[in-house]
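In the form predicted on its own, a lone chain appears below as C-alpha cells.
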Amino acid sequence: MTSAKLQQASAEILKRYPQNQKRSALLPLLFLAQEERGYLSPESLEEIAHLLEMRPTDVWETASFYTMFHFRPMGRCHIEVCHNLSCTLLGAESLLDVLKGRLQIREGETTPDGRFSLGTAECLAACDGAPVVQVNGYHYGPLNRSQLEELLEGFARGELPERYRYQPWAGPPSRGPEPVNTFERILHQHLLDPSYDGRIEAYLERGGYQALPKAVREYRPSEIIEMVKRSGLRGRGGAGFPTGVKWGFVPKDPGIPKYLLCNADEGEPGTFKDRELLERDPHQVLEGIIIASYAIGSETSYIYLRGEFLEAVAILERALQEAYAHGFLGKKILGSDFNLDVYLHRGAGAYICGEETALIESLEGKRGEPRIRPPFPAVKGLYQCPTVVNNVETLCNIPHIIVRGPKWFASMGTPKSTGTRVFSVSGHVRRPGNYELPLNATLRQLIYEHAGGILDDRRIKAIIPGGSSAPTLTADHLDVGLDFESLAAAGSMGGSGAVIVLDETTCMVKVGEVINRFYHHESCGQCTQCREGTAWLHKILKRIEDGRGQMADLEVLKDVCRNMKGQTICVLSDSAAMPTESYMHYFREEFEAHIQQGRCPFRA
C-alpha cells in the first residue's frame, strides 16, 4: 500500500502529464518520498513503482542515475563543497580541508551522531560567489575559512543562517571599479533597479507583458517565426543554432500535439546567467515561453529546472500562479483561441540533461541518456511528438523582438551574431558576475571594463570563453570578439557564454584534471569513447599533477582526445577532449615541467 501523502500528491502531479505518460511523474514523486524520509528506502521505491505501474527495478535504475537522490540516511546537515573550476581557483580545496578537520569525517561519510555528512558537488551555477558550499540544498558563498567556521557553528546549533547566503544578483563585495554602462541593457534592464522584486505587478509597471497581446492579436504564428528568423537570434544555450529556423522545423499539422520545453538545467561549469534571469525576472522568461508556444502551436510547455535551484522553484511557482491569475496562461489567452498550460519539472542532478534529447528522456521519467538523431526533436521529441527545446536566455529575448522588431535586434552585434548576450564572468577577476553586452564587444572590454580586471593586478594566463567545454585562449586573444564566428576563428567557441579567467599563478595541468574529473563524473556512460575516454583523461592528468607522470603520457593524452571527438551520440566526449588539447597546445611546457620535476611547480 502507498502512503497517503504520496498517493494524494501523485494524483495532482499526474495531471501535468498526458494520461498515458505516468512515468513522467517519477522524478517529482522521488523528490517527495526523499523529503518525507530523508532518503529513498526500498519501500518507498516500491510504493512509487506501484503508483506509476512500473517495475521496482526500473524505478531503481532511473533513480540511481541522478546525484540528488540518496539511498541511505544522510546527516541532518548535509554539507557539499563545490570543487569545480571556478571554486577550485578561489580556494574550495581549503574549505574542504577545514570541514574534514572540524567534522573528523571524509567525503561520503556521516558523523557518528548523525548531525553532519560531507560531500563534494560539481558546478552549482554560483560561480560569481566562488568558493561556494551547498548545505541542505541552499548555497553559501563566497566564503573564506573563517566565514566557513562561523557558518559551521550555526549549523551545529541546527540553524541555516541567512548570513553569507549566496544571491546571484548581489555577487561578492566590489574588488574593482564599477563597470561602465555604455551599452543598452535588454534582458537586464529591470535588474538594474534594486527595487525590482520580479513579481508580476513590478513587471507590468516596467512594460512587461506588452509583447504577448501584440503577438496573439496582431500576428499569425508563422509571422512570429519569420520575425525571429529575421532578427538573427541564435540559441544562447551552447550550440548557437538559429532560433527561428528551429521553430520552422515543427510540422504545421494542427492535429499533432506539440511541446515547448524551456531548458533551465544550467549546468555548464562557469555559467550562472540563467539562474539570475529565473530568480530575478521570472515573468520575462514566462512571456518568452508563451510567445514561443503560440508560434509553434504548443498548448503544453514544461520548464525543466535544474534540481539544485531551490529558490527558483518557489519563485517560478509563484510567477506561474500570477500569470494564470492575470489571464496570460490557461484557456483562451487574452480572448484569443490560444490555450497554454505551463508546468515546472525539476531535474535531479545530471549535467547531461542539459543536452536537449537527454532532457526529453529525463522529462519522460527515464535516465537522462541522449538519443540518436535523426529523428530530431522538432519532428519526434517529447512523447514522440514535435518538440522545441529553448534555453532560458534565448526565450527571454523573444518579448523584446516582438515589441521593438527584428530589425532593431539585428542592428546590434554583428551581421551573423546579432543582439546582446549575457556573459557569466568568474575566476581571477575583481568583479565576477553577469554582464550583458552586444556581441560585437571583445574579451578585453568584458574583462577589464566590466569585470574590473585581474585580481591583485596579475597577468592573464588563459581565458575559457564559453564554459568548461570551450578550448582555452590566452592573453594574446584579448581583442577577439565575443561573437560566435570570431571565437570559432580563434580556435574556441562561444558555448554557454561563461568566461572563466585564469591568472599567471594557475596550474593548467590542475585545470585539466578538474575539468576532466567533471566530465568523467557526468558522462552518462552510453558511449564507450566517452565513458572510457573521460576516465583515462582524468586518470592521466591526475597522475601528472601528482608528479607521477611520464613523457609518454603526453602522446597518450593526444591519442585519447583524437579518438573521443566526433564518435559519440552527444558532444560531451568532445567537450572533454577539445579543452584538453588546447591546454597542451598552449601550455605544453607546464606538462613537461610536472613530469621532469616529479611535482607540480605551482604548489607552495
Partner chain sequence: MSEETPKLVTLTVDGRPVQVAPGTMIIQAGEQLGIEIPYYCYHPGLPIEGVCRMCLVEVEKAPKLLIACATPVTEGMVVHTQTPHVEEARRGVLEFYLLNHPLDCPICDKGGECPLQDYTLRYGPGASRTLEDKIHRDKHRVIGPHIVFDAERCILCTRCVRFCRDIVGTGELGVGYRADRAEIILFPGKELDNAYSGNVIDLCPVGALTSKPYRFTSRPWDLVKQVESTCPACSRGCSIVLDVRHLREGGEEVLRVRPRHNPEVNGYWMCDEGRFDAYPRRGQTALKGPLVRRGEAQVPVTWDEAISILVERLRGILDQHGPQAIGGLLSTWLTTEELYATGSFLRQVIETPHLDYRVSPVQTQERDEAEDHLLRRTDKSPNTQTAKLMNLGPGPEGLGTRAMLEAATTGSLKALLLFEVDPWEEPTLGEELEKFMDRIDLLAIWAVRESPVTSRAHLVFPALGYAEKEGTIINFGGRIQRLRRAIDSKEKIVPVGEVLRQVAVGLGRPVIPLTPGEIWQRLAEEHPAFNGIQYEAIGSLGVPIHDDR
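Positions refer to the first chain, counted from 1. None of the values given here were measured: they were computed from a predicted structure.
The same protein has a further form, the form predicted together with its partner chain, not shown here; the description that follows concerns it.
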- request: Go through 231, 243, 84, 523 and name the one with a heavy atom inside 4.5 Å of its partner chain in the predicted complex.
  value: 523
field: Residue (of 562, 37, 70, 50) lying close to its partner chain in the predicted complex, criterion heavy atoms within 4.5 Å
entry: 562
- prompt: Taking the shortest heavy atom distance, is residue 65 within 4.5 Å of its partner chain in the predicted complex?
  reply: yes
query: Taking 4.5 angstroms as the cut-off for heavy atoms, does residue 528 touch its partner chain in the predicted complex?
result: yes
- request: Mark residue 535 yes when one of its heavy atoms lies within 4.5 Å of a heavy atom of its partner chain in the predicted complex, and no otherwise.
  value: yes
Any non-hydrogen atom of residue 553 within 4.5 angstroms of its partner chain in the predicted complex: yes
field: Stretch in contact, per heavy atom within 4.5 angstroms of its partner chain in the predicted complex, of 429 to 437, 349 to 357, 397 to 405, 503 to 511
entry: 349 to 357
